[in-house]
Each structure stands twice: as C-alpha cells, then as structure tokens.
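Before any questions on binding or motion, here is one chain by itself as structure tokens, the form predicted on its own.
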C-alpha cells in the first residue's frame, strides 16, 4: 500500500503518534495480504493499438477479481522480442503464460519454449503455427465475410473494392484476407481493384488511401480495412478529398472511434470483436491450466456486424 504525506507544522508528539499509527497500519496490511492465486506472464502484440489495450484492460480487471498477478509486456509488433519476453517469464517461474502473437511463424518459438519448460501457454486473439495449450479468440475469416458481404449488398453485387491488410504474416491479416476473397469469389461482379498493407495503423492507412485516390479516383466504390484503425484512416482521407458520400467503408473491431463514426453516419459498418470476452476468458483459462484443471482447448467468440440500424446495441 502506498500512502502520500503532506507535512505541515506539527508537534513532535503528534509526528511520533502518526508514525506509530502508520507502522501499525503497514504491519496490519502485511498480515492481511494474501499470496496471488497464480502469476501469469502476458506478452501482447502492440499496446499502441486501441483494441489490444481493450484486451489488456479486460485481463487486468478479471485478474483482480480472481486474485491473479499479471506481468504484462508489450512486444511492439516484434516477434523476436516476444520470444525473449516469454523466455523471461520462464526464467521468472511464472505459473502460466498468455500470448497475443505478433506472427504465425515468428512467434511460434515462444510457444515451443513454454512447452519445453512445462508451463501452460494460452494464445489470445491470434494464432501461431505451433499449437498452444489453449486458444481464446474468434474466427477471423468470419469478420471479413461479414464486412465484405455487407459491401456486396450495398453495391448491389457490382463495383470495385480496395482492401487494406493488417500486419503481414499475422493470423488476423491472413485469415481476414482469406475470408474476404471467399466472398469475392462468390460474387464475380465485385472486382478487387487493389490491396496493400497499412500495418493496422491509422496514419499509414490515410497515406495509402490518398495514394489510391490519386491512382484510381472515381473507380473506387468501397474500402474494406482489416481493422478499425485503418478504416478510420481511410475514412478521414476520403472525407478530406470530398469523396466519402459515394464510397462505402467497412472495417473490423468496433473500437470507440469506429462506433462513434457509425452512429454519426460516417463509417458504413464495423464488425464487433469481443475484446472483453477474449481477455477475461484468456485469464480464466490460464488460471485453470496453472492449477492442472481441465479447460476447453479452443474458445471461439462470434463476431457481429454493426451498422447504423443496430448501433445502439454496442454503445
């Protein structure tokens, strides 16, 4: 416990009495303190992403409810750094690890290290080639299918789409691209005009959208962005160019900015991904595994399309 003091003019006796009281309070706190149910190391993809921050906050809240201590680290989109973080957790003797993978391949050695050390590891939100002890997340193909089917419907089955990819090699990027292509193959009247990564980043998405406007201009009918940060970047670029009224934009995650833009009629659609459900379930699963208890090896939480018609359900 931390106590802040503000000392003014006091008698020596009063100061002495205060110190005695505080000493007693500190001793009492030590006696009442309970050891953590478990210590869980957490390596997150990138804490500059609003969605990842939402997952982190939900983990912290659930850990507090369960009496679990979390050691949270930020891999900053660097798979090598993520492997090093997991190795550090192992050296510290944590009871379990939660991994939010940077890359399918690059983050796989982190899972292997945990297995070798006999420490349960739970992947949350994204996948690795090497299977973890358990997985908590959503089917990323589903999010792309929902967004792209919305675009197809709004375009009446004919038109040109540009697609913004997330960080290349990450599971969400791979599977959202796959889901989008499945819908495109089923709707030959929709043409993929161009696709490129903006690495989940709003500023990079703005720059990419500006380049596409210069290259394709009136040919663009819709934008599908793999996440809301990029969707918002595309939206801002289109608004600044005076083109948004005739171009549809849909993205994924339902972060606060995106929900606000949908309610204002600026963003056409986002796809709700349950960050709270993923974060809480990951902590619960890691705790069960640390105790040697059984758990579901895979937990998938459904996505939901969010438009102006149903926005009130998500705010």
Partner chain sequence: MQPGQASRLAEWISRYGLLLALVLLAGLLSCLTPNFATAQNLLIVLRQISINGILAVGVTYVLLTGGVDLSLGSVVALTGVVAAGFAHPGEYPVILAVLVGILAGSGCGLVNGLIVTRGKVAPFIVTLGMLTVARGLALVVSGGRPVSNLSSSFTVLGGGAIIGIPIPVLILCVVAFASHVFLKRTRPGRYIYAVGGNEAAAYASGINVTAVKTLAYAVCGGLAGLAGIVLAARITTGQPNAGIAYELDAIAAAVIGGTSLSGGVGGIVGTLLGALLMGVLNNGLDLMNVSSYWQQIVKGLIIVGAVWFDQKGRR
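Only the largest set of C-alpha atoms that superpose within 1.5 Å between the two forms is called the rigid core. Residue numbers count along the first chain shown, from 1. All values reported here derive from a predicted model rather than from experimental measurement.
Only in words, not in the display: the form predicted together with the partner chain, which the text now covers.
Check your understanding: Of 149, 105, 182, 210, which one comes within 4.5 Å of the partner chain in the predicted complex, counting heavy atoms only?
Key -> The residue from 149, 105, 182, 210 that makes the contact is 210.
Review point. Of 203, 90, 72, 130, which one comes within 4.5 Å of the partner chain in the predicted complex, counting heavy atoms only?
Key: Residue within 4.5 Å of the partner: 203.
Check your understanding: in the predicted complex, which of 244-252, 59-67, 281-289, 46-54 comes within 4.5 Å of the partner chain (heavy atoms)?
Key -> In the other structure, the partner sits against 46-54.
Check your understanding: Is residue 186 close to the partner chain in the predicted complex, meaning a heavy atom pair under 4.5 Å apart or at it?
Key -> Residue 186: no, not in contact with the partner chain in the predicted complex.
Check your understanding: Does the partner chain come within 4.5 Å of any heavy atom of residue 140 in the predicted complex?
Key -> No, no contact at 4.5 Å.
Check your understanding: Wondering, does residue 196 line up within 4.5 Å of the partner chain in the predicted complex on heavy atoms?
Key -> Within the cut-off, so yes.
Review point. So in the predicted complex, does any heavy atom of residue 153 sit within 4.5 Å of the partner chain?
Key: Answer no; every heavy atom of residue 153 is more than 4.5 Å from the partner chain in the predicted complex.
Review point. Is it true that 37, 95 and 112 each have at least one non-hydrogen atom within 4.5 Å of the partner chain in the predicted complex?
Key: Heavy-atom distance to the partner chain in the predicted complex: none of the three under 4.5 Å.
Point to revise | Those residues of 208-240 which, in the predicted complex, come within 4.5 Å of the partner chain by heavy atom | key: The stretch touches the partner through 208, 210, 211, 214, 215, 216, 229, 236, 240.
Point to revise | CA of residue 109, rigid core aligned, shift of 2 Å or more between this form and the one not shown | key: After core superposition, the displacement of the residue 109 C-alpha between this form and the one not shown stays below 2 Å, so no.
**Study point:** C-alpha of residue 195 off by 2 Å or more between this form and the one not shown on rigid core
**Key:** True for residue 195: a C-alpha shift of 2 Å or more.
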